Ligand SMILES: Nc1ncnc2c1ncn2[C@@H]1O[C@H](COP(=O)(O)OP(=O)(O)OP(=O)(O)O)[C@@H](O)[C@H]1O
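Consider the single chain below, provided in structure tokens and representing the form predicted on its own.
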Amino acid sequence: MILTEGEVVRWGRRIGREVGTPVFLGIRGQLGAGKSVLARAVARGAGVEGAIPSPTFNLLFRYPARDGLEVVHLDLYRLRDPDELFELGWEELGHGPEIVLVEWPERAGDHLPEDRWDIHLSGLEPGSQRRMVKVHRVGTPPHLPGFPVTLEQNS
């Protein structure tokens, strides 16, 4: 599906408002594909207020959201080895009322959870505000609200 950046933002906000928890969203794509745009929109929809910087250098940020919900935003781009995940508390993620957003999830190697959504964003051309969005269900994560097409499934 091709979405404008505004449509990606609206969809992300709807996910943040409506998705069941715990949920793990792996957000894939090249630099500049819109991964952080989607992650911020999900966080806003979940009720996160204030600045939402990219966790590129810190690797992980936690944000309190509405009704005891927490948004955990990770950026694994600078991860040198998947085993470094455990220093971040990886094994505790996704067990409570959390929306876990992971940019560059492929850097986690075999440590990705069995139940997750993989969202792949790609720009159509340099500088374009339109994105190709592909969504894959892995295992049995909670329903992902608002995606405008039939979802491809990988189980």
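Predicted model, so just to flag it, every value in this text is computed and none were measured. For every residue, the number given is its place in the sequence shown, counted from 1.
What comes next is about the form predicted in complex with this ligand, which does not appear here.
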Notebook entry, point to check: Where does this ligand sit in the predicted bound form: which of 42-50, 58-66, 85-93, 102-110, heavy atoms within 4.5 Å?
Noted result: 102-110
Check: Should the three residues 4, 33 and 37 be counted as contacting this ligand in the predicted bound form, with contact defined as a heavy atom within 4.5 Å for each?
Finding: yes
Next item on the list: Answer yes if any heavy atom of residue 131 is within 4.5 Å of a heavy atom of this ligand in the predicted bound form; otherwise answer no.
Entry: yes
Check: Since the partner is left out here, which residues of 63-79 would have a heavy atom within 4.5 Å of this ligand in the predicted bound form?
Finding: 75
